[in-house]
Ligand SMILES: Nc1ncnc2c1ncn2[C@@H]1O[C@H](COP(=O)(O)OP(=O)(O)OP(=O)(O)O)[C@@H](O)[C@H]1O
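As structure tokens, one chain now follows by itself in the form predicted alone.
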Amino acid sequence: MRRFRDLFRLVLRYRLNLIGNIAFNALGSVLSLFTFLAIVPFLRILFQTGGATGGAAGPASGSEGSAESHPVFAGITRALDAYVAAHGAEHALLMMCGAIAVLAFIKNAVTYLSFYSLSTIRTGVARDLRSQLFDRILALPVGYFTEQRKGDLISRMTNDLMEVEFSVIGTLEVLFKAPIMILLSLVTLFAISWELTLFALVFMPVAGFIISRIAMALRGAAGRGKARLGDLISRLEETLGAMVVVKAFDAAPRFRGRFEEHNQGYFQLMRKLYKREYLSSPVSEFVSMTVIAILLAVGGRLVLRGEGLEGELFIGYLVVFSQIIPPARSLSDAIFKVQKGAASLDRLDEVLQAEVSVAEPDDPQPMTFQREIAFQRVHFAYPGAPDRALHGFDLTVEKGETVALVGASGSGKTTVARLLLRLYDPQEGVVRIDGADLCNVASGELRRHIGFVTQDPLLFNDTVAANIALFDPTPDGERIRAVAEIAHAMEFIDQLSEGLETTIGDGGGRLSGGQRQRLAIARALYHDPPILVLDEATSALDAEGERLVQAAIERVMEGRTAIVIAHRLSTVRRADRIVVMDKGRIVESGSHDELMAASGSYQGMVALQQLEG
């Protein structure tokens, strides 16, 4: 029930469309009822022609008895008989058929308008949820995505969202469309024969109980099916992202086996889910047709015995009662849609309610950088990690200084860069720029002061220019070319087929490693940041690529404060200060010559060629 309210809350954002949908559904239900009730005067004209035209008295007296037995229809009956008497049965029959056609046209036009108003609601709810999810994903800390699989997140934003969209339709049918039709039909049935209607209603709770029992089991199966689909998409995404490795190591059979395992599991779960879902419609139809069969027996006896119910009214009664079956079936289908949508909404909620551990300050301080960057007694551990990445880390970087961080893998170098960019917040201690705690600075303003280049440059399937001016909605063409020149990137950009407007492929796959890295350096320089963070920017390159990128790095570091994370000696030896880290702590600090003279950890790393000259 809570999820039902959640879905309805989403729909309420579209009140005007909702009001229109309710109005059109109500009008359509009334028109449907009149269309089906038209069978009564049609049958009267067809089978009481003699009485209407002044023939035998039997039908006429029957008409009088019908009016007395059913006062609601008395006026209509007299008017119809008078019309037949005045214009003839054939003329009345043609007029009746024309009226039925007009009613059918108006009814279907109104039905179209109800569906048209519904289209805005269902697509609008999906759009709003999609936007909320994407905004939440952008706001979540980097650590969230190391614990979650990308394929599962994609599944939530596509398949689960689609299921919620279908649930919106189910919710509206549950609340407005089907109940209106059922209510109007019941009122009409009571007007024709309240005894027969009460008798029929005794059997309705049986269908409701059976359908509800099936629906209860559906939600759990739907949730498990969505989770399994997330596994399947994650496996597919992982395989596509590593296709070169899969083929190079002839790992296709193993990957196929793992995919088939997930595929088969998803098949079995969904088969079970649909088995339960598809059971609701046959059950509801069987119960409804059984009730109609019983009504045929009971009502037929009343007609044959002449106990207050005439033949044409009884047939009209059965026609109207049969029209309760489609909305009743849609009602049961809607309940299943809501149950499936609720399971999907649970999965979307897991993302929407995920904790944003790196929160924006309510009253952000202005960002300035005139003096220093300071890490003060910083302690940090990644979620789920057994050990801390940083233990009481203290480091001050003066403006204009180049500081190189070196150490074995896992020593905490990259963590320092991530804390400076405020991708994470320290559990203890504080990171400051010019005395301001970074937790009190707007993250957007902070990151505009920092240019960040990683070991694996992450580029997008767009043009060269768009990748350089990634965050700028109104790119400056001259600025793009200028930073590309500084990064030594124009050397290869000018050789591309369309220059800066060349599309570089998924992940920059049409460029070499060195070209991608120089493009990443140009991107870092586009907003002219006073601080540069270079995280293993040359470690994945060959000698020629390293030479070109290193030349670009030396050029861009001029006049800037830089924190350089690297293993290679050629990258760090020119730094003003080299900081050696081990297990989250600083063990040595000084220039290259000072550290070599100290014969400590740094000299040992150089000797063992962990730093390459």
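Please read these numbers as outputs of a predicted model, since none were measured by experiment. Residue positions are given as counts along the sequence shown, with the first one as 1.
One more form of this protein should be noted, the form predicted in complex with the ligand, which is absent from this view; the next part is about it.
- Task: Could you tell me which of 379 to 387, 176 to 184, 471 to 479, 353 to 361 sits within 4.5 Å of the ligand in the predicted bound form, going by non-hydrogen atoms?
- Result: Checking each option against the 4.5 Å cut-off leaves 379 to 387.
- Message: Checking a candidate spot here: are Lys107, Val110 and Ser117 all in contact with the ligand in the predicted bound form (at least one heavy atom each within 4.5 Å)?
- Response: Looking in the predicted bound form, the three residues Lys107, Val110 and Ser117 all stay beyond 4.5 Å of the ligand (heavy atoms).
- Message: How about Leu201 - does it come within 4.5 Å of the ligand in the predicted bound form, if we only consider non-hydrogen atoms?
- Response: Leu201: no contact with the ligand in the predicted bound form.
- Query: Applying a 4.5 Å heavy atom distance criterion, does Lys413 contact the ligand in the predicted bound form?
  - Reply: Contact check for Lys413: yes, within 4.5 Å of the ligand in the predicted bound form.
- Query: According to a 4.5 angstroms non-hydrogen atom cut-off, is Ser409 in contact with the ligand in the predicted bound form?
  - Reply: Flag for Ser409 set to yes.
- Distance check, Arg432 to the ligand in the predicted bound form, heavy atom within 4.5 Å: Judged by the heavy-atom cut-off of 4.5 Å, Arg432 is well away from the ligand in the predicted bound form.
- Sort through Tyr424, Phe492, Phe375, Phe314 and report the residue having a heavy atom within 4.5 Å of the ligand in the predicted bound form. Comparing distances to the ligand in the predicted bound form, the residue within 4.5 Å is Tyr424.
- Message: Within 4.5 Å, heavy atoms only, which of His488, Arg130, Arg418, His262 is in contact with the ligand in the predicted bound form?
- Response: None of the others qualify; the residue that does is Arg418.
- Query: Which residues from 454 to 473 come close to the ligand in the predicted bound form, meaning a heavy atom within 4.5 Å?
  - Reply: Contacts from 454 to 473: just Gln455.
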